[in-house]
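For this one, two forms of the same chain are given in structure tokens, first as structure 1 and then as structure 2.
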Structure 1
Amino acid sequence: MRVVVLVKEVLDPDAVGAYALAGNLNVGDDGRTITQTTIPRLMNAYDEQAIEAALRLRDGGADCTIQVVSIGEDLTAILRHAMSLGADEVVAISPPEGELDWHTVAALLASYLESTGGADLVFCGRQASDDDQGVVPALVGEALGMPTITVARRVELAGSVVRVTRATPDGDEIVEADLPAVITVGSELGEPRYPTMPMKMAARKVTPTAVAAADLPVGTEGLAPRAVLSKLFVPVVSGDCEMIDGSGAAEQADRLVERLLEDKVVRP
């Protein structure tokens, strides 16, 4: 069976957060591109967990090939990382001219999968840590006519049925669906593996399979963006915190409870 993992390269969200908090995140003249070159680019962490989910299926005896696919420029580093983790093949789709949005990305990914024989299972991270949207997996699922099962903690196969334990806010839920299906994965799956040194060495020699978006059978409709980022900014947080001082924990606690009583936030 063919298992495909869709991954995205993102700016390290911790680094972006640190700059944002320090008040010196640089946004370029276009008003929407973060320009700090010191921020590392890496594979979206949830996507790494999606790869882990695929690898665990194979470790569990599933007879499958695992292909990792991404769209963007210069993806060699993250795709070699995917190889070092155990992917069988990595594919880099070079973006078309013009704006990309979630809709065009999903259309390109779905078109690639469809024109290369389809997939039995598509894994994605639950969302990308740059835009936090998490809409591409479901858009791909819709385009391919596959159900989308979100936030998997565990994925098992029984013949042509996939059984997924989902981490919901009300606890675990177990669902089943017939293949093919799209499954999204978050950190609930648990720590992804580290590449071994021999795997890392071998991955260094890998060149991702290059696919040009222009060669994919996507119509102009599919390539027309629908929601385009026009501006990126750091929100201003109010910051009117009143610090409760005192000679010790007991006095501070007394004063805090008194303030909360005055504000009627708590009641006797």
Structure 2
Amino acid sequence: MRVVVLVKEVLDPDAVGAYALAGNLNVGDDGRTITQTTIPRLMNAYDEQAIEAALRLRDGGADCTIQVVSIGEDLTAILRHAMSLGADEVVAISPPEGELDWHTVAALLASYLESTGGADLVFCGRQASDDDQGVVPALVGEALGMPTITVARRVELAGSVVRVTRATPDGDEIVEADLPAVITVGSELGEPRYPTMPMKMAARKVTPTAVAAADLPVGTEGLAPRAVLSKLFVPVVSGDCEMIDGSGAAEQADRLVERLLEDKVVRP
């Protein structure tokens, strides 16, 4: 059984947030790129949980090979991290020239999967922390003719059927689908495992399999972006803090309630 996990390298969202709050996050003259070179790049956190979902299937007895695939330049660090977590194979697809949007990324990933024999299960993070769109998994599923199940909390196999517990605003929902299928994973799955030191040491020796986008059977039309970033900007964040005076906690609480009533935040 072939299980493929699609991952993305992103800027560390905590570092980006810290720069933004400090007013030091700068956009370049092109108006579309962040200029800070000190912000670390790492694997998208939801994608790491997607790897964890695949590993749990194997831990549960599934006879499978877990392959982790990503598109980008210099992906050795995140792919070695995937190996240290327990992946069997890692693949780096070098992007074509020009801009990529969700459609072109999905076309490249689907083309790679189809040209290498397909997959029984494709895991993805529910969304990426840099653009928060979450559309690539559905586009991959559509391109490959696979059902797509989103926001998985738990994934189980029963022969050729996958059983997924989904986290929804109204509570958990259990759905089933025939394999092959695409599944997106969110934080509801739980904390991913930490790599052991021996696994980290072994992963340092791994060189990801390199695949050029030009070698994939994707036509010119498939590589034409449909959405193009026109402007990137840092919104102005402002806030006011008012201290509530009082001789003690009870008096401060009374004054706070009075102020909330005045501002009609609460009703009597």
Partner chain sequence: MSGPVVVCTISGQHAEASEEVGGALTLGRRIAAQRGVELQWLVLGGGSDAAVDTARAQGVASIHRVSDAKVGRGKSDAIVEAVAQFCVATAPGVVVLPLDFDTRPLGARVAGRIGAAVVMNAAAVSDSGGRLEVTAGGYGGDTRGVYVVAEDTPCVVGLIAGVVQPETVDGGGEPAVHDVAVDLSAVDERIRVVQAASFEGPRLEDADIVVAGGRGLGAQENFKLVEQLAEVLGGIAAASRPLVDEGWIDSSRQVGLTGKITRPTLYLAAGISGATQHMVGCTGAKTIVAINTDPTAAIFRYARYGIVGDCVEILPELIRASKEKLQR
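Residue numbering: sequential along structure 1, first residue numbered 1. Rigid core: the largest C-alpha set superposing within 1.5 Å between the two forms. The structure presented is a predicted model; accordingly, all values stated were derived computationally and were not measured.
- Structure 1, rather than structure 2, originates from the form predicted in complex with its partner chain.
- Residue 256: CA moves 2 Å or more between the two structures after rigid-core fitting.
- Aligning the rigid core between the two structures leaves the CA of residue 245 offset by 5.4 Å.
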